[in-house]
Each structure stands twice: as structure tokens, then as C-alpha cells.
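Presented below, as C-alpha cells, is a lone chain in the form predicted alone.
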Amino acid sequence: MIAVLRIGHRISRDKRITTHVALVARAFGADKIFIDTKDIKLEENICSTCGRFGGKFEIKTGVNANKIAKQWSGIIVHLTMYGDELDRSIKKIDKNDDLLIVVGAEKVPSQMYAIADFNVSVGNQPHSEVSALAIFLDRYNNGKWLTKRFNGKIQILPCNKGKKVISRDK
């Protein structure tokens, strides 16, 4: 089980970025996402994507981030530019345990650094949490997300020119 915990979602400011965090989580192999701010529209958008493109992915908004982190029984990885190097950290993470990946929208509370088993840096320069999550999940899953089948109503087929889309009514 891989879950993502999004901390600091501000509906008026972060709706697109948080949507992208959720879409990356889903596409790159996570099973669910928790978001600390209640956002029904975001839940509807992600559920709609899952309905069309398939796959089992859960979204829950309005959660207590501290409670989720403190009750998590697996490994907690906090993605931050202040953490240890990605390649060094990834080797130490037990892939048999459930994984909670914490990404912030605004400043993450300092206690998260202590709660996390690993504070991991995907580079030490300012960058997007979307890119950090994608790179981390790609490395963690050894690129297996590329061959994952979602079995949705819509399937996009790779092609060099044009668009190849299969639509199935289920």
C-alpha cells in the first residue's frame, strides 16, 4: 500500500497543483491520497478521472494530517529539499512495508521532520512537489508504473503521431 499525504492545501491557491499531485500519485503507483483540507470538488474531479481511466485509487480530503502520520503503521517518507539524497534514501526503504509519502503545499510543520522515518530530497533547489513525487515514485517502483494497466473506459495508446484512444462502454 502506498499513500500520499498532502499537507497545507489551500483551495483558492493550490487546487490545480493538488489535483496534479493526486493525478501523479494515481498514475505513478500510489493507492490513495489524503488531503488535509476538505475539498469536495477535488474529490469529484479525481473520482471522475478514475471512473473514466480506470484503476483503484482513493481520495480522502479533510483529514487530520498529524493523526494520519502518527497512526501510520508503515514507513513515512517526507519529500523536502532539506532531506537526505534520494538515491541514498531509496536504498534504505523497506519495500515490504506500507508507505506514506508526505508532500507539502505550504511550509510543513516541523514535527513532520521528526515523525518521518526518512526526510528525502529530490534535489536541493526549489522545485515542484509534483515533480518530486513523480521522481520519487518512479525510483521507488523502478518504473513499473509504465506497464500498469488501469482497464478504464478510456485507454490511450502510445503513438508517435496523432492520438490513439480506445473508448469502451462498461
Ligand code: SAM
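Worth saying up front: this structure is predicted, and the values here are computed from it rather than measured. So that there is no doubt, residue numbering starts at 1 and follows the sequence shown.
What comes next is about the form predicted in complex with the ligand, which does not appear here.
Undergrad: Report whether all of F150, G152 and I166 sit within 4.5 Å of the ligand in the model of the complex, measuring from non-hydrogen atoms.
TA: So, no: the whole triplet misses the ligand.
Undergrad: Considering the ligand in the model of the complex, which of I59, V122, A116, A65 comes within 4.5 Å of it through any heavy atom?
TA: If I apply the 4.5 Å criterion carefully, the residue I get is V122.
Undergrad: Tell me, please, which stretch of 24-32, 47-55, 137-145, 122-130 lies within 4.5 angstroms of the ligand in the model of the complex when heavy atoms are compared?
TA: Of the stretches listed, the one contacting the partner is 122-130.
Undergrad: Could you confirm whether M81 comes within 4.5 Å of the ligand in the model of the complex, counting heavy atoms only?
TA: Yes, contact at 4.5 Å.
Undergrad: Please determine whether V108 contacts the ligand in the model of the complex, using a 4.5 Å cut-off between heavy atoms.
TA: Because a heavy atom of V108 falls inside 4.5 Å of the ligand in the model of the complex, the answer is yes.
Undergrad: Answer with yes or no whether L42 is in contact with the ligand in the model of the complex, where contact means some heavy atom within 4.5 Å.
TA: No - in the model of the complex, heavy atoms of L42 and the ligand never come within 4.5 Å of each other.
Undergrad: Considering only 41-64, what residues come within 4.5 Å of the ligand in the model of the complex, judged by heavy atoms?
TA: Read in sequence order, no residue approaches the ligand (within 4.5 Å, in the model of the complex).
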